[in-house]
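There is one chain below, alone, in structure tokens, taken in the form predicted on its own.
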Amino acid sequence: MSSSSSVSKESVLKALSQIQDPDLGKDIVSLGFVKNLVLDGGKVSFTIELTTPACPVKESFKEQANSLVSTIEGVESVSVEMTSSVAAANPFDNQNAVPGVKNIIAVSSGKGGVGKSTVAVNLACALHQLGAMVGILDADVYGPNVPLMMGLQGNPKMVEKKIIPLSVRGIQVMSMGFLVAEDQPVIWRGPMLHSAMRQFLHDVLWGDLDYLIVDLPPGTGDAQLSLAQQTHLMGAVIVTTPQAVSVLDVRKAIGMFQQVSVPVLGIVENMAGLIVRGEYEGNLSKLVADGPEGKVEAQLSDGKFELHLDLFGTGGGDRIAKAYDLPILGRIPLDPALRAGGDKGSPVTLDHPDSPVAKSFIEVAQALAAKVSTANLSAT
């Protein structure tokens, strides 16, 4: 007959060391994820502290831990608590660190019209949905769209010469759109933009944030250079569409970040096809539509059809990823709900989290969080 006295911390840790983190390439014991291990007779309890709440294998880790420890002789019950503590990027210059902000991530594109702001807003919302503390800095001084997309209006308050960002659903937001009238143009030269960027970073009370997502304007101009000079960027996410014209300009954006020593964390391919869903009656054996590059046949099943149309071509993200040895963080399909949410100030990732497009952003957020965790671990 087994005895609870045979259970030891060593046997529990040995069992847990079989769980490998797929992104970090080590087991959770050697990574220091296992904490607060308590033995009470045959009762075992412990905490697994991950490097991000956005970990895509969080539930898998919990299931594996429960199963492995339960097989140890003498164990009667297992209690596993899952927590997270996001690692902070190591700034090269501590004077440029933004107080309380662990990781600053730029979202950029080589050209306008690719949905960069839509990606930035919904990426931030997805990270928040996964449990992270998140802020959004709208760095597009000349065309700030984040206030509209987040449904925010008003003027930030000041406390001891510091700006209090506006907040919606627990997400901190700062934008030039809060400081000027909607129809008032911002006509600034480079030095003024440089000063504003520093104020948005260092004179805003961001609080404790795991991730600050910075929505940069299109191109490779003053805003990008100012951001790279004013603080330590964890890295950049590049947004493209599948078409060749977008890919051409993305190369310039990647080149710019490389020149200022900011790592590119990956590619998000936006507008990656339109999915049309509907129903049909009767015995339908085939449904064919005219696509932008030829005939497209729909998938038929149980009175429903699904048609995939590549309105902006295919393969753009893959070509960039291959050329620069970068990962595809995810592909975001065209979806009317995405546009409608941005226009109404109700991001689809928050308001319709179970929709296919929201799930695409969740996958991007998880992939990005994994890249950040890996980069921070390798820097220590």
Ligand code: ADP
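Just so it is clear, the model here is predicted, and its values are computed rather than measured. Don't overthink the numbering: it's just position in the shown sequence, from 1.
This protein has a second form, the form predicted in complex with adenosine-5'-diphosphate (ADP), left out of what is shown; the following refers to that one.
Residue contact with adenosine-5'-diphosphate (ADP) in the predicted complex: Ser84 places no heavy atom within 4.5 Å of it. The closest heavy atom approach of Gly278 to adenosine-5'-diphosphate (ADP) in the predicted complex falls outside 4.5 Å. In the predicted complex, no heavy atom of Gly74 sits within 4.5 Å of adenosine-5'-diphosphate (ADP). Interface residue remark: Pro292 is not counted as part of the site for adenosine-5'-diphosphate (ADP) in the predicted complex, having no heavy atom within 4.5 Å. Residues with any non-hydrogen atom within 4.5 angstroms of adenosine-5'-diphosphate (ADP) in the predicted complex fall in just one of 159-167, 283-291, 131-139, 113-121: 113-121.
Taking a 4.5 Å heavy atom cutoff to adenosine-5'-diphosphate (ADP) in the predicted complex, the contact residue among Leu50, Leu334, Leu326, Val57 is Leu334. For the candidate set Leu265, Met271, Val101, Val173, a heavy atom within 4.5 Å of adenosine-5'-diphosphate (ADP) in the predicted complex is found for exactly one residue, namely Met271. Contacts with adenosine-5'-diphosphate (ADP) in the predicted complex, taken as any heavy atom within 4.5 Å, map within 130-145 to Asn145 alone.
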